[in-house]
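Quick heads-up: it's one chain on its own, the form predicted alone, in structure tokens.
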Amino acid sequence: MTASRDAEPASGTARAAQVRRLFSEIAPRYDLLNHVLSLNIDRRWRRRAVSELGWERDPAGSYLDVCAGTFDLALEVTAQPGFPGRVVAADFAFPMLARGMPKIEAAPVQAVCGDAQQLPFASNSFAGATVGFGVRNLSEPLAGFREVHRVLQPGARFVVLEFTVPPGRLMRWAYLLYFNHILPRVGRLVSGHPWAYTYLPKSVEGFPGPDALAGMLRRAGFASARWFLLTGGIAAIHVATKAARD
């Protein structure tokens, strides 16, 4: 396959293989690139996402972070003042987990190599769940949402942080200019990977918008799903809640 062809988001099982390969190959530079290419805005987004989790409802509970990567979002949960619980962080790209392991040595985070679309956990296991910038990489997002719904306890929240295309004309122009022209070049230069940061904007442009994603969460079984935009609409947070009696 050529680099340009690899950059086109695949579908079905090919998408899973593509994503596992991509994140396994960029794992050594993943954290650096995340923070540099987002101008560190991603840190603020994660804090905002965790503030919606509602962990205070069950402080000592177990929480799930899917598509966990190198544990940035999981660690944001455990860093909350007074948080006595634990986070199970799952990702199917083992090199990403391995890269992040030194970061969780002193944290109540358990790493699990597992697929978000076939979670290796019992139903009603978790008091809440998060995912940061991962759902657009799932081959079947609806299947992933249904799995998260299954493993959540009644009344628990699922917080989704994801890129989206800004609704405003000027912001959308600037965003697409950066995503389609600047990010791929800088990402390729720093990571040394020929197509990873071309795949990223393509995966965002082809992903459902916030309204459609909220509808997908409801179809997955969540009783409610609300959302709001961040930083002019370049990212969105969805907060889905499982029915109190499900």
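Just count from 1 along the sequence shown to find any residue number. Only a predicted model underlies this, so the values are computations on that prediction, with no experimental measurement involved.
The following text describes the form predicted in complex with a small molecule, which does not appear among the structures shown.
Checking 159, 96, 104, 88 against the small molecule in the predicted complex, a heavy atom within 4.5 Å turns up for just one residue: 96. This chain is displayed alone, yet in the predicted complex one of 133, 121, 83, 126 has a heavy atom within 4.5 Å of the small molecule; that residue is 133. The partner is not drawn, yet in the predicted complex one stretch among 113-121, 165-173, 75-83, 150-158 has residues with heavy atoms inside 4.5 Å of the small molecule: 113-121. For the candidate spot formed by 34, 46 and 67, every residue has a non-hydrogen atom within 4.5 angstroms of the small molecule in the predicted complex.
Interface residue remark: residue 109 is not counted as part of the site for the small molecule in the predicted complex, having no heavy atom within 4.5 Å. Under a 4.5 angstroms non-hydrogen atom cutoff, the small molecule in the predicted complex lacks residue 227 among its neighbouring residues. In the predicted complex, the small molecule stays beyond 4.5 Å of every heavy atom belonging to residue 235. The shortest heavy atom separation between residue 179 and the small molecule in the predicted complex exceeds 4.5 Å.
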